[in-house]
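First comes one chain, alone, set out as structure tokens in the form predicted alone.
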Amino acid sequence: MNLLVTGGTGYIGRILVPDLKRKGHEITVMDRGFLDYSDLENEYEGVNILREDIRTCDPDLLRGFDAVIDLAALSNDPSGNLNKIATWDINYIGRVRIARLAKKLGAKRYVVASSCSVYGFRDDICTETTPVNPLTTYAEANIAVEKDNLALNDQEFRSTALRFATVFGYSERFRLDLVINAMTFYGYKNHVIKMMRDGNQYRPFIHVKDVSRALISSIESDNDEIGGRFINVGNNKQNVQIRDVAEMISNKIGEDCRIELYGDPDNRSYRVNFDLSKKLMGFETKYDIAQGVEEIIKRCSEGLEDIPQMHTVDYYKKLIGYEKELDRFANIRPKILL
């Protein structure tokens, strides 16, 4: 297939695009370029990269694609709260624009990366029928984009939203604003694991390599029952409490690694059922938390170092003129009406 991947040079994209290449797809990446991607080299050889903003790009750039994988977004709760107007402009208006243009210009399939964070705080196990409980701007924008983009689904245009569990694992665009990644990296480097108190909160987890596999599975699937749906993606066995993850990481690093509590209790806690992704997409994860932790420890032992781009919010703040850029975001009127 001829595929467009928005946000394709980020944490997930650095796994997804090479995976798509190996499967023989023709790929174009559209990326605003907040994160430097001058190091792509061989892994993106043959990939057409467009340094464009999803909210304002020329509509003709979306012509001729069979399918779109939509990853472009401010990528988590803290970055979403950095500037709420920008979050709504990018994560909602921009992604709605991309889906509408894709449909108008002939694409047949569309999938957007959403998040299980839409469940917020729940004592029960969440399924796709569980009412959402968004606690952040990031989660609210995901719910809104799901609603509008899934409404585009019809016999000619299949639109799907995948609600991913909390992502972890190594990517060439490594992130230290993800809980397992951060606890493992700093636990190895400093022999101290910082855990937001009191560690009783639940999270579902999924390896970044499995995120890539799920996105490919959804775009390649011939089962049109996935159209017009949001689908939870993860592993039922990887609904775990943060304290248990911290203890496992500590044990893998060694006896001299200790756990320290910090901050206030996390108000987000949820467990999620992932049976529907197996039923409709035949999808099951391959990688568990222990494998992801061991991979990060190995990379650390090989010299993985802390760099600004690994901290999404801090890096955005430090970009030259970024505060002015955020103000500019607020004044952009996206070309959403076609």
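In this text the structure is predicted, and so the values were computed from the model without any measurement. For every residue, the number given is its place in the sequence shown, counted from 1.
Although not depicted, the form predicted together with a small molecule is the subject of the following passage.
- Of the candidate stretches 281-289, 64-72, 300-308, 40-48, only 64-72 has residues whose heavy atoms lie within 4.5 Å of the small molecule in the predicted bound form.
- A heavy atom within 4.5 Å of the small molecule in the predicted bound form is found for one listed residue only; from 92, 170, 138, 202, this is 138.
- Site residues 10, 34 and 115 are all in contact with the small molecule in the predicted bound form, judged by any heavy atom within 4.5 Å.
- Using a 4.5 Å cutoff between non-hydrogen atoms, residue 165 counts as a contact of the small molecule in the predicted bound form.
- Residue contact with the small molecule in the predicted bound form: residue 268 places no heavy atom within 4.5 Å of it.
- None of the heavy atoms of residue 213 is located within 4.5 Å of the small molecule in the predicted bound form.
- Under a 4.5 angstroms non-hydrogen atom cutoff, the small molecule in the predicted bound form has residue 178 among its neighbouring residues.
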